[in-house]
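Quick heads-up: it's one chain on its own, the form predicted on its own, in structure tokens.
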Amino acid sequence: MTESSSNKLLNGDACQRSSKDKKSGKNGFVKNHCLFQQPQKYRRLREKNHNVVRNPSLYNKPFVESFEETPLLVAVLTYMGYGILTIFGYLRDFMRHWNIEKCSVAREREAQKDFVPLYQDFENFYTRNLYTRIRDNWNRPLCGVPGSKMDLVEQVSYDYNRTFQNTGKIMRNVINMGSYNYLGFAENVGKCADAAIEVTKKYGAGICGTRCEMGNLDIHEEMEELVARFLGVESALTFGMGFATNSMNIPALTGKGCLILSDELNHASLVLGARLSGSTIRVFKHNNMVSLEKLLRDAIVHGQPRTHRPWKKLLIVVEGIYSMEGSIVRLPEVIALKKRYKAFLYLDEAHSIGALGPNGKGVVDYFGLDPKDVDIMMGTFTKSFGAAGGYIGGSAELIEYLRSHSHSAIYATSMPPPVAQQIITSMTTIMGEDGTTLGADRLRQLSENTTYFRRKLREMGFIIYGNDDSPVVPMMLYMPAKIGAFGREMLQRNIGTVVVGFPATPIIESRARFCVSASHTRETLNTALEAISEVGDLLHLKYSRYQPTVTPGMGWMSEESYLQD
């Protein structure tokens, strides 16, 4: 069992051995997390459930997540693959050092050989010898709207992916399975685009000033009032960049003498913000309430190191949907622990806002919780709203404090008016305040597409991670050679995908990450699924030991799509 997979077992996930009447593949382990007894979407491999559910009464709906174990043979072969690549990498570095092979990477100038180096060669080992091999899978230029389909500029490389040249050809109507366009609002036609054009004519494209100087427009005030009403909080503050919303506001909320308890899979912006704050940081296992409560208890009992004084603040930092795992935070349990130990809660809803809940209001809406139980509600407009920027929502006192203490609020240029109008139009559509049912229809379509896409991938035999209601769908590739091969083969079939490997993921858990959108039609999804299955057979990616049945599970939306199936 790998280190990453053993961590998931400690996170309270079930580890189940195959029963004798079913064929067990590889090492025979499958992990699942399911609250409540309910009709299963797939026939689970049976044995005693070792899952630790802290308080099932906190959940008012089935909560199903799956993290199937890495097959033992696959794990061994993946380690061997990275080992072989590493050996050849050192061999090539040796040849470059002695000028046997041409060195095409940046090096320190000879005149500065006695200086402290700006970078260490070892730190760039992965980039030189592993990343470059599959670099053609990333940074592809688009020349159109990243909707359900997109146009890509064709590129070629004549120096083994060190540089790329455009061929002048355009790849038309590539199915987009990688953008965070969950509700399909990233479009150049329709009411959002029309409203943005009108606002551009009125205000221009930029502000050239900060909010506290000459960059605060009436449209910004209108947007913040709408965001607060959408979230169900007293007040909200918006920012021009989603990453900076986390990295610049956490340092304004905590500092020396404060303790931040951070999920081990939190986004880089949260990690950076926590480090910049100067607070003490302790990491708990992903979505593991036992680990979180232990850290909270230790913080209360022991206090700060050496002095043992009480911590000034305890801040729990979690995400709504974890973008690499597709899992959903166990928010009811987190809130219960937060109340018990008198801690503050910082919730990042970058991927969940607009994509979860019957009203599209994120993970709080998904679980039917009170927004007032979350002290700091953070989210971005870059995904479900098809815009840019981020927000912080909470009490009026919190927002007033951030207006005068947040670096992002004080020093950053104001959000461009067309972007603000895009947010306003898309949000009012989701809320149904535009007089149509377009928002509700897109929420329903996203839920149906997510359920359908996940179910079909499982039935095909792929290992996929995450919650059944999460539109982020990671599909496991494992071996390093298959990262590049999968992306290239899918693009040859006119499907654009995102592939992810080490160091963004654990070394043996490379994956393809699909993002389902309401703009995807059933025909589009079937075309993508057919290509995925074909490439999966070609590359031998169907590792799963699940045995699917025809009985569907319950989602958080209606089951009309199941009946249509």
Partner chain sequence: MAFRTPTENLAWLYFQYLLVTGLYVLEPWEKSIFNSVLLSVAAMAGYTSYVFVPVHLRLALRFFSDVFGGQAESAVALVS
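Numbering follows the first chain given and starts at 1. As the structure is a computational prediction, the values presented were derived from the model and not from experiment.
What comes next is about the form predicted in complex with its partner chain, which does not appear here.
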Please determine whether residue 160 contacts its partner chain in the predicted bound form, using a 4.5 Å cut-off between heavy atoms.
yes
Are any of the heavy atoms in residue 84 no more than 4.5 Å from a heavy atom of its partner chain in the predicted bound form?
yes
Considering only heavy atoms, tell me if residue 488 and its partner chain come within 4.5 Å of each other in the predicted bound form.
yes
Exercise: residue 369 in contact with its partner chain in the predicted bound form, heavy atom 4.5 Å:
no
Just one of 77, 214, 105, 197 has a heavy atom within 4.5 Å of its partner chain in the predicted bound form. Which one?
77
Under a 4.5 angstroms heavy atom criterion, identify the one residue in 289, 412, 134, 281 near its partner chain in the predicted bound form.
134
Given its partner chain in the predicted bound form, answer whether the residues 68, 149 and 511 all have a heavy atom inside 4.5 Å of it.
no
Counting only non-hydrogen atoms, the one stretch of 517-525, 57-65, 503-511, 535-543 within 4.5 angstroms of its partner chain in the predicted bound form is 535-543
